[in-house]
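In structure tokens, one chain follows: the form predicted alone.
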């Protein structure tokens, strides 16, 4: 497909789905195809003004670590979590037009964009001497913390087929000076500094690799989160504070301990793909230690603890169509995925998706993701499930996260 054909395809999809805002469709396509930053676009980066590539837990589509914009903002406030992509792979291009960054396709300017603003704590040093942004990063309205950057599913080669967390920490230790396990006290020190910027943040988000160690599998992972959250809790006057984790699917006892001993409000455990056979193929570590049916059961039980609207699961949308095991057509993939998502929604669990980004250090990194039409239909379908089952989306919405095209539609929720 040529660049011109892709641009025409975008316009066709915008015309086909008038109920979906154009900028959300554009965002989805930018995530689907990736971006390439020209030298001119990179030249206007200002580390005092803009957020520059930081402490990523996952790698880039071009496999490089280099100073580039952390991500993009559209004029409606929509965030695009971008993945720098080689120009040969036909991404959108970010270049300058009259000194302003613009998205280009086929040599034509498509939409004005801006770089994420840098928070005030970036560039400051923690007491240990490390740059604060190496431990805590920021999206426009939330703080992002990775308390543990290694996934123990990889110890026996059972990491997820789309994941490059281990490859990235090996690169990041050297090139970004990333700590695999920062101290809880240092995390709290940096968050305290970040919160001095009034009105900037509305949530704190933690995610890590899975840790199977403990008397019960994942007890150590729970301990890591509890330690960090208890330090963070000292910064707030209320027991609970706006916060979310993406963790493993924990047992009821582990979830009760996590909820009771911390200020955590929202819990997400990403199942990645809503099909048992494909789950076993793409998430062998999750299948080995928990299993598909048990993962779903634990999600549902989490609703009893955290409440409706506070329990989610995520999909890496597009992997369900990869060869040779995936669904043969996008229609079949959509039907089966939404059926499973509705089963969860009817029991109080929301499903959200990210656009799969094939990365070179992953098992399926040489395959292509799905069509733009598929991603828009999936976004509409998941949004309609939240409308049907009256499920608010609290901490994965467009304000707090910005990585889910379906939850960008939460601006339209009637409740």
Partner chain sequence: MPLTFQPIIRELLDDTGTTKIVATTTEDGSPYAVTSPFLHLNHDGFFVHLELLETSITNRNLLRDLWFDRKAAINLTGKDGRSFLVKGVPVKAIISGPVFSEYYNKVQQALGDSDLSTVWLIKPVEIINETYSERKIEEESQYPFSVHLDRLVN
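Numbering follows the first chain given and starts at 1. Remember, it's a predicted structure, so these values are computed and weren't measured experimentally.
One more form of this protein, predicted in complex with the partner chain, exists but is not displayed; see below.
The candidate spot formed by 269, 340 and 381 is out of contact with the partner chain in the predicted complex: none of the three has a heavy atom within 4.5 Å. Of the candidates 155, 308, 297, 75, 75 is the one whose heavy atoms come within 4.5 Å of the partner chain in the predicted complex; the others do not.
Just one of 114, 89, 108, 331 comes within 4.5 Å of the partner chain in the predicted complex, counting any heavy atom, and that one is 114. Contact between residue 99 and the partner chain in the predicted complex is not found at the 4.5 Å heavy atom cutoff. The partner chain in the predicted complex comes within 4.5 Å of a heavy atom belonging to residue 199. With a 4.5 Å cutoff on heavy atoms, residue 140 counts as touching the partner chain in the predicted complex. Mapping the unseen interface onto this chain, residue 395 falls outside it, with no heavy atom inside 4.5 Å of the partner chain in the predicted complex. Heavy atoms within 4.5 Å of the partner chain in the predicted complex are found in one stretch of 298 to 306, 128 to 136, 252 to 260, 114 to 122, which is 114 to 122. Residues 398, 399, 408, 409, 411, 412, 413, 414, 415 are the members of 398 to 415 with a non-hydrogen atom no more than 4.5 angstroms from the partner chain in the predicted complex.
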